[in-house]
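The chain below stands alone and is given as structure tokens, in the form predicted on its own.
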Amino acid sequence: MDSALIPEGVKRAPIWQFLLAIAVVGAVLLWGVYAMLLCWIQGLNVTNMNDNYGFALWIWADLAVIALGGGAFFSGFLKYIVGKDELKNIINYAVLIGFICYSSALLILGIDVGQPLRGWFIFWHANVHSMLTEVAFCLSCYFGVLTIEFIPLILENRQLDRVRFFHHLSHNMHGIMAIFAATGAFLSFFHQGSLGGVAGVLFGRPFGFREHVLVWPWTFFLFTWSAAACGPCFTILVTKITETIARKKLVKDNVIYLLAKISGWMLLTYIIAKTIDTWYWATTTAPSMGFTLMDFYTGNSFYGIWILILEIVICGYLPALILISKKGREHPVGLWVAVILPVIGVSLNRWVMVLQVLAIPVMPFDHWALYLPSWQEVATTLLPVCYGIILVLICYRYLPIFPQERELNPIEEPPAPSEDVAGAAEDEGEEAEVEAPDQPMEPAQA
């Protein structure tokens, strides 16, 4: 049954190894499910969130996975709208990663709400003056778009594709996928931006507050820009990790290098804009509110100036310069470094825009508010990670995610005997029959 579901022409690990991996990751997932049930049954008092940290580890993880899932909408935009046809060989995996990231984000929000059965209140009793309402609408709609993009991949399973209806449905959905790619890019632009806008409009939180372009703070555009720049790096990183574990080539280098090059230029332009934003905020915005730059980075070593240098220089300019360089992105070690650092950088950016914003004292009698998550928060944050790993394992085993896999990893058939060898064997057999005399058998032999 297992072998009948595996795509034709590819090799997969033995079933016992697959089930063992599922069991190991599933044990951690069950730990997270237990913690999630505690949060729902006993309430959010099992967490370490408080009046200072109403947004804590969960919301950081939520914003981080949404940014990393940006590779789905940007890759779809490049493939279907811009016309980068080479990306068709990695778009399936980008959609899968995006589906995992956005479903994980919704799961995290379902835990954070505390009463998920009332989640429909967001839509029925919408607060039209809140950016979070727009985030909820666009996030849910884009998850629906990703689901629609993911369905044709499921229908291409070896057995499902034999059903005539599923075969034609998958083919027709692929034909109109450009519409959904354009819709996804539109929805992602707004919900990515509004997540940044939430911090940018907090006038009482000088670390996050930014000047506005009409009604949108600069962080609105920076969040969308960073997701489009770093999301493809995460797609490349997960692809390389999958190749390393599978011990085979799954995507041709020219596809990886093209996506890396585009991501590099996006990252470079983003980090320049981020530098300008930081400089203006440090020299104009913060002083107008009675703060200097070092007021936000002294008094607590955990949020020292090192965090700004790490985000902008080490995780920004360094990988950007590697990726835009042909020699840099085509170097095996250089490519690994250049895709890992932006993933760390965008996650660090979401961390400071969620947690450092809340940690910094804004009143003379305030003090630095430090926060350490409870084990329930850690377990429920690992829950979507384990869910994502399990879904990748299942999809890689049973779905044709990588169109170039068969070409890059041909299965060697046992060589058939050549005509000369076969003919010689037949001749030897005939000679043996001719040379063997017909002698009467001895009684004992009889």
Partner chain sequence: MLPFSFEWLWDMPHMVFHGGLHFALTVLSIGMAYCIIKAMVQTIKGGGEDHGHH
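Numbering follows the first chain given and starts at 1. Just so it is clear, the model here is predicted, and its values are computed rather than measured.
Not on display, but discussed next: the form predicted together with its partner chain.
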item	value
Partner-proximal stretch of 142-150, 327-335, 95-103, 241-249 relative to its partner chain in the predicted bound form, 4.5 angstroms, heavy atom	142-150
Distance check, residue 278 to its partner chain in the predicted bound form, heavy atom within 4.5 Å	no
Residue contact check: residue 344 to its partner chain in the predicted bound form, 4.5 Å heavy atom	no
Residue 301 within 4.5 Å of its partner chain in the predicted bound form, heavy atoms	no
4.5 Å heavy atom contact, residue 187 to its partner chain in the predicted bound form	yes
Of 317, 265, 137, 375, the one that lies within 4.5 Å of its partner chain in the predicted bound form (heavy atoms)	137
One residue of 212, 261, 84, 167 in contact with its partner chain, assessed in the predicted bound form (non-hydrogen atom, 4.5 angstroms)	167
